[in-house]
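One chain comes next, on its own, written as C-alpha cells: the form predicted alone.
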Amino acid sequence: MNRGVLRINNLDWGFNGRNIFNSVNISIPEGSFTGIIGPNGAGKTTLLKLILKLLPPDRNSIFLNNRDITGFTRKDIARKMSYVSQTPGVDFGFTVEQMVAMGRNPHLRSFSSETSEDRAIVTDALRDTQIEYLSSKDISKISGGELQRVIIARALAQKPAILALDEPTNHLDLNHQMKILSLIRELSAEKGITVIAVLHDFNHALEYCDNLILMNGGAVVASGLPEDVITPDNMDTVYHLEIVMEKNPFTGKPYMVVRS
C-alpha cells in the first residue's frame, strides 16, 4: 500500500470568527490521482489553499512527507507542490515556451539565469503536455484547451512531487475536459506525480480518479475508492439526489445516473 505523502490530522480551521473545517482527517497516497468533490461551500478550494500554504494552516495539522508544512517557506512549497487554480494567471505578451519556463522560477537563485538543465525541463514539459508545436506561439493566440495544457506544462516545469488542481476542466468543452483529465491521469501514472484535484463532475471523478474525498460543510463525509464514495446513500445525504450506478460499457468503470 502507498504511504500517505500528504496527511491532514484533526484539522480545525477558520477565520474572522467563522469555523470552516471540523476535525478533518485525510491521507493522500503517494503517486495517486485523488479527487475532492462536494457542493459549493464545502471547503474544497480552501483546503487546497491550506495545503499549499496560500492560507496559513495551524501547526501540527498538515504534514508533507511527515514534516509539518508550517516549517516550509513559500519557496520550499513551490519546489515540492505546484498549483493550477480555477483562474490561473496568464501573462500575455509571452510565447508559450516563455510561459512554461516561468515554472522554473522557484528553482532559480536570485539574479541567476536559466541553465541548460532548466531548458531541458521546459522542453520535457512541452513534450509531456503535447504542445511542442505551440512553443513559439503568442500565448494570446491559442485556444482554451491549448491554454490549459500550457498552464499544466508550467506547473510540471516546477518538477513537483504534488500537482494540485482546482477544477482543471472549468470552461472547457466535453472533448477538452476528457483530454485534460486523461493527460493528468497519464502524468500521475507515468511520472509518479501525486495529483490532488477539485472536481465537479461525478462521472469524471469515477472515471479518472484512484481515490475520492467527499466533503460537505467543512467535514469529510466519505473517502476511499470512487465507487465507495459516490454511492446512492452519500449522494442522497449530501446532494439530495436519487441516483443509480451503472457500468461504462467502454471502460468498465462505474458511472452514475441521476433520476430526473
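Numbers follow the displayed sequence, beginning with 1. Small disclaimer: the values here were computed from a predicted structure and weren't measured.
One more form of this protein, predicted together with a small molecule, exists but is not displayed; see below.
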### Task
Choose from 57 to 65, 225 to 233, 26 to 34, 39 to 47 the stretch whose residues reach within 4.5 Å of the small molecule in the predicted bound form, heavy atoms counted.
39 to 47
### Query
If you check in the predicted bound form, is Q130 within 4.5 Å of the small molecule, heavy atoms only?
no
### Close approach of I20 to the small molecule in the predicted bound form, 4.5 Å, heavy atom
yes
#### Entry: Contact flag, Q86 vs the small molecule in the predicted bound form, heavy atom cut 4.5 Å
yes
### Message
Please tell me whether any heavy atom belonging to K191 falls inside 4.5 Å of a heavy atom of the small molecule, as the geometry stands in the predicted bound form.
### Response
no
### Task
Only one of D118, E167, E97, E146 comes within 4.5 Å of the small molecule in the predicted bound form by heavy atoms, so just point that one out.
E167
